[in-house]
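Heads up, the chain below is alone and in the form predicted alone; it's given as structure tokens.
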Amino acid sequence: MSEAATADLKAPPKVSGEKPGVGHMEEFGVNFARFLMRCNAECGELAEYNMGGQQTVLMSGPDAQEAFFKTLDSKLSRAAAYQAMVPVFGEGVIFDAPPDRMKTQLKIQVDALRYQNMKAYASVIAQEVQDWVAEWGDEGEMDFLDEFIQLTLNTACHCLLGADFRYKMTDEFKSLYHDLERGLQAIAFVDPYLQQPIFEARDKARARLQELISGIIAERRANKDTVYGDALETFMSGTYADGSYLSDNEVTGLVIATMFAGHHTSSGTAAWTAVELARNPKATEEVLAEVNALYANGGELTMETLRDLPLLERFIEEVLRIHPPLVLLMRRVIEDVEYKGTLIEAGKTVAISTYGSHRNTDYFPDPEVFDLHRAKPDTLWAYIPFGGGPHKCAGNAFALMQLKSIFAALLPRYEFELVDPPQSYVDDLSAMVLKPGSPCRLRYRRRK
């Protein structure tokens, strides 16, 4: 924008409480979701805060969030905002790739989650659940966050990367993936290359994962006639405009990125779904009746029959509203942006908070109350657990299908009870992906 065009524009209001040197990082680090809600309450639609020198403008409310999602990448860049993901995905992958290659990589990722592949996934997940509960017995107690981390890792690997990858997984793979996740704490979005133990572990995990995945790739290339019908096969067969295939590093990066889409958020949401089933027995009875009716009519878990479970889907949607897995979405301002007479200058970061949006009382009355029959807002930009616009999460359909499959298979078998006081089950906001605080203990009992 020209100087003349910006002369009459005002600056975003600034959030109080900034400290010399660190800005708002300390308060952000304690509870960033509540901090962002304070920003909105204090300043309104736009609120500028300081993340250790990086000026960030929070955009709140459906209008501002629509502008955030619809503004072109050339003005609001995802890649520039998510450089913390580069060491996780790898050099030259997605946010570190030139725009044309990034576009191709993301298209290949979307192709990997196409309907033809997903048709087989519901029955695969049901089998994983059956194997998972085989040793449970009639009743017991466990930390379901840990359990769902393992289950969703198994289901995502099996569906996206094939049986050969799934059944060669070891505890090492789970440990490596955990080290990648831990490398995404808030400080990574300030500088992901600081000398920190969590970043050293992240980089070692990324290198080792490439060794493991390259081994599977080599085996598949030696068996060219086998058809796998999974995401890994799609990655290996994808090409750039010049006809060249993705390198092992790029395939590994897309594997990791797709696992984040298919598992990283689903484990926490699955654990919260189990907690809310235990906390809301009347709603659970309605959902259970719907699932039992499916089986009573001779139905099996398929992509088609999952569509006949609207109450289960509504239940999971309400879990995603109260406990959105990705609390903060960001873009870097490449060109000056004007919003309702306010100038957001190039070089700043803009952000939206799904956690805050889903607690906007204009659209969600009594927002902390779990309501299976809550009316949907009259705008697309208030309920945003998977983002929105042209860059909506590519894994949202798989994640929802995975969660529905898990609980459609689990609910008829077992009922759940809270072990600890209801108020002790709270969101863990120590990392950028929301999950229940640990331990997340539930008691299970086989249904009669």
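Residue numbers here begin at 1 and follow the sequence given. Quick caveat, the model's predicted, so the values are computed rather than measured.
The same protein also exists as the form predicted in complex with a small molecule; that form is not shown, yet it is the one meant from here on.
- Contact between Trp132 and the small molecule in the predicted complex is not found at the 4.5 Å heavy atom cutoff.
- Remark: Pro325 counts among the residues lining the small molecule in the predicted complex, judged by a heavy atom distance of 4.5 Å or less.
- Looking at Arg78, you'd find a heavy atom of it within 4.5 angstroms of the small molecule in the predicted complex.
- In the predicted complex, the small molecule lies within 4.5 Å of some heavy atom of Gln109.
- Screening Ala261, Ala84, Val251, Leu145 for any heavy atom within 4.5 Å of the small molecule in the predicted complex leaves a single hit, Ala261.
- Checking Thr265, Thr234, Ser353, Thr273 for any heavy atom within 4.5 Å of the small molecule in the predicted complex turns up a single hit: Thr265.
- Each of Leu113, His391 and Gly395 places at least one heavy atom within 4.5 Å of the small molecule in the predicted complex.
- Annotated contact segment (heavy atom within 4.5 Å of the small molecule in the predicted complex): 378-386, selected among 411-419, 55-63, 38-46, 378-386.
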